[in-house]
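Quick setup: one chain, the form predicted alone, written in structure tokens, and binding and motion questions come after.
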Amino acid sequence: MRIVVCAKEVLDPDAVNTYAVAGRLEIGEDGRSITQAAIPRLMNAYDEQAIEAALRIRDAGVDCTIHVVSAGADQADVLKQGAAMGADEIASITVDASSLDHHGAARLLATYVEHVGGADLVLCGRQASDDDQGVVPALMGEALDMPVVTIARAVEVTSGAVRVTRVTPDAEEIVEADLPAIVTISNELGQPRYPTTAGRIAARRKQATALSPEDLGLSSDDLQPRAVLTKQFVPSVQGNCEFLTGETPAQLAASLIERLRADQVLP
């Protein structure tokens, strides 16, 4: 079977948060982009877990080929990370990622899936850490006419079907869908494996398949955005902390309950 994992390069969210809390996160003159060149770029963590989900399927004995695809101007580091983890094939779609909206990204990735002959299973992170939208997998499902199962913490492949354990606010639920299908992976899957030294060395030699939208039969009109980012800003961050007093734990608890009732948090 063929498994395609979609990966996105993002700014390191921890570094972005550090800059924001320190009041040093800057938006460029265009009002839409972050200008700090010192913030590292890396693979979206949810997408890294999607690769891990694919590798666990292989570890379970499923005969599969794992493709990792990423779209952007320079995706070498993201793809080498996927190869080092154990992906069989890596592909880069050269495009100005800032010119794409969710519809364009989904069409680009869906067309890639068709370009490689289709996929039995498409795995994506539940969302990207830079925009937190999580709509590209659903749009891919519409384009490819595949069922979409979201926020998975475990994925198993059986004969002609996929069995997914989903994470919900109330409980876990198990969903089965016929293949081909798209599944989005949540962080509850667990920590992705760390690439071995041998894997990193092999990844250096692995060449990514370089594609353009034209190679996939797409024109600039096909990727015209329907939603355009007009402004991005850094909200002011304020921290307010109040210490409750009391000589004993019981007095502290009583003070806390009294304050929560005063703030109408408790009845």
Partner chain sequence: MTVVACTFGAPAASGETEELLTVARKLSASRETALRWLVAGPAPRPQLEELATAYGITTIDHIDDPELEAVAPDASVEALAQYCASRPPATLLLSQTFDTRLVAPRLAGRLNATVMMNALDLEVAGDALLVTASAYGGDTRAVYELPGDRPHVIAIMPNATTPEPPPDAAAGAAPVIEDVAVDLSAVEERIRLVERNAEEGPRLEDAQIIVSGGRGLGSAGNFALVEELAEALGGLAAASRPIVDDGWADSARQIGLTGKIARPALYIAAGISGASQHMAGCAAAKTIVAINSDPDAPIFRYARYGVVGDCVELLGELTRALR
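The term rigid core refers to the most C-alpha atoms you can superpose between the two forms while keeping them within 1.5 Å. Positions refer to the first chain, counted from 1. Small disclaimer: the values here were computed from a predicted structure and weren't measured.
Same protein, other form: the form predicted together with the partner chain, not shown, and the subject of what follows.
At least one heavy atom of residue 34 is located within 4.5 Å of the partner chain in the model of the complex. Residue contact check for residue 228: one or more of its heavy atoms lie within 4.5 Å of the partner chain in the model of the complex. Residue contact with the partner chain in the model of the complex: residue 163 places a heavy atom within 4.5 Å of it. Within 4.5 Å of some heavy atom of the partner chain in the model of the complex lies at least one heavy atom of residue 153.
Contact with the partner chain in the model of the complex, defined as any heavy atom within 4.5 Å, is confined among 126-134, 75-83, 111-119, 90-98 to 126-134. Shown without its partner, this chain lists 217, 28, 235, 61 as candidates; in the model of the complex, only 235 has a non-hydrogen atom within 4.5 angstroms of the partner chain. Residues are counted as partner-facing when one of their heavy atoms sits within 4.5 Å of the partner chain in the model of the complex; in 1-40 these are 11, 13, 16, 17, 20, 21, 25, 34, in sequence order. Residue 246 is among the residues whose C-alpha shifts by 2 Å or more between this form and the one not shown once the rigid core is aligned.
Shown in the overlay between this form and the one not shown, fitted on the rigid core, is a CA shift at residue 256 of 2 Å or greater.
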